[in-house]
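The chain that follows stands alone, in the form predicted on its own, written as structure tokens.
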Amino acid sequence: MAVTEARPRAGSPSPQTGTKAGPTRFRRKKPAGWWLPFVLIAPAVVFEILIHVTPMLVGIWMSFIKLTKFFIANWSAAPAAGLSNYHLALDVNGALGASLLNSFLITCAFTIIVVGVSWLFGMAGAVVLQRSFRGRALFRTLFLVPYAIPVYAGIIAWKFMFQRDTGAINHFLADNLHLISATDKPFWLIGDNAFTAVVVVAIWRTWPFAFLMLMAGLQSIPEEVYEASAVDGARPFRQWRSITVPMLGPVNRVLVLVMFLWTFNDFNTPYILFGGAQPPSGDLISFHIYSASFLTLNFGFGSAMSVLLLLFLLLVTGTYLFILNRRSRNA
């Protein structure tokens, strides 16, 4: 007859060591309703995969095939391209590469001007409206009107104002300010002036967002700090430089990054303003990629340019965040 050795109970002396055995470990039961957060977040994850992740993966796959107008009906029949699409995009000695480089440089200049001027206008408006005075609520509302107007409605209005003969811009410059000749009004939507037009419209659309963010950030700065600095003899500009700007550092870091990404990827402004015929001086890279993909029907080459743009934005964003984190650790 087999004899089985009885296991010591929790807290009873061990037969080998004479010491008490440790307490029995119980598996922790999951709390009731532990699955609810996963169920609530599941629709957002599914839509994120369908709307963003899946098209991105398809676009990356398209960049490695020769998907032109001859294979649109049957994508699987498109031959493999390897890295040839990327080679065409990066070959600055070729026509396609040189055109992409020119568009990239124009977009860089466009982004720097729009982000810089929008930040200055937003900061100026937020500082002026920081203190209470009669009519402040009205000015705040007026400043946010461009941000509240639908994109298409606002840009179409600017398109009418930029018309050569009937537009309000030339009428104001020629008949009111007399800065240009009434018989030689400039074209704003073609030629070299197209860059100025798209920059003006982009600033008009972007600066209210900067104003809103900076105005919200100013609310967190205690008024006592400005009062103490005024007692010490600090003038308004010194207060702005030594108090406002440093204490708005976290807001500015996020604001500049968001405006950079939005402006560099801006497609609505040039598309609505110029239509299908974008002038060379206003050849922003988002519209340049659109033209290569949907006007010339070279989806493989357009996808390669899109992937390169994505990598550039990821590189800039990663470098920007790395520098900011390093500065915050050293501070």
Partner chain sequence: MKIRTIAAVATVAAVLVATAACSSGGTSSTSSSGTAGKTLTYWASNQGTSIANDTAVLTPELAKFKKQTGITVKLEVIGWNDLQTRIQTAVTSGQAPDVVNIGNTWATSLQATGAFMPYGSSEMTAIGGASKFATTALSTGGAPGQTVTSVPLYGLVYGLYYNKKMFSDAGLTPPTTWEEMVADGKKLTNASTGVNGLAIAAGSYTENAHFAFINAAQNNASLFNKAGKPTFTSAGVVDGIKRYLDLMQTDKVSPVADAQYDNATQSTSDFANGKAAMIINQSNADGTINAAGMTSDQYGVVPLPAPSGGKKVASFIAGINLSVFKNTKNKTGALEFVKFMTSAAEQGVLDKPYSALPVLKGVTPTFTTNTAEAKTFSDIYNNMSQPLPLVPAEDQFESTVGKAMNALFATIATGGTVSTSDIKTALQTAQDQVTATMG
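Here the structure is a predicted model, which is why all the values come from computation and not from measurement. Positions refer to the first chain, counted from 1.
What comes next is about the form predicted together with its partner chain, which does not appear here.
By the criterion of a heavy atom within 4.5 Å, residue 110 is excluded from the residues contacting its partner chain in the model of the complex.
A residue is said to contact a partner when one of its heavy atoms sits within 4.5 Å of a partner heavy atom; residue 238 fails this definition for its partner chain in the model of the complex, lying far away. The closest non-hydrogen atom of residue 64 lies beyond 4.5 Å of its partner chain in the model of the complex. Using a 4.5 angstroms threshold between heavy atoms, residue 190 counts as touching its partner chain in the model of the complex. The partner is absent here, but in the model of the complex a heavy atom of 88, alone among 88, 81, 256, 243, sits within 4.5 Å of its partner chain.
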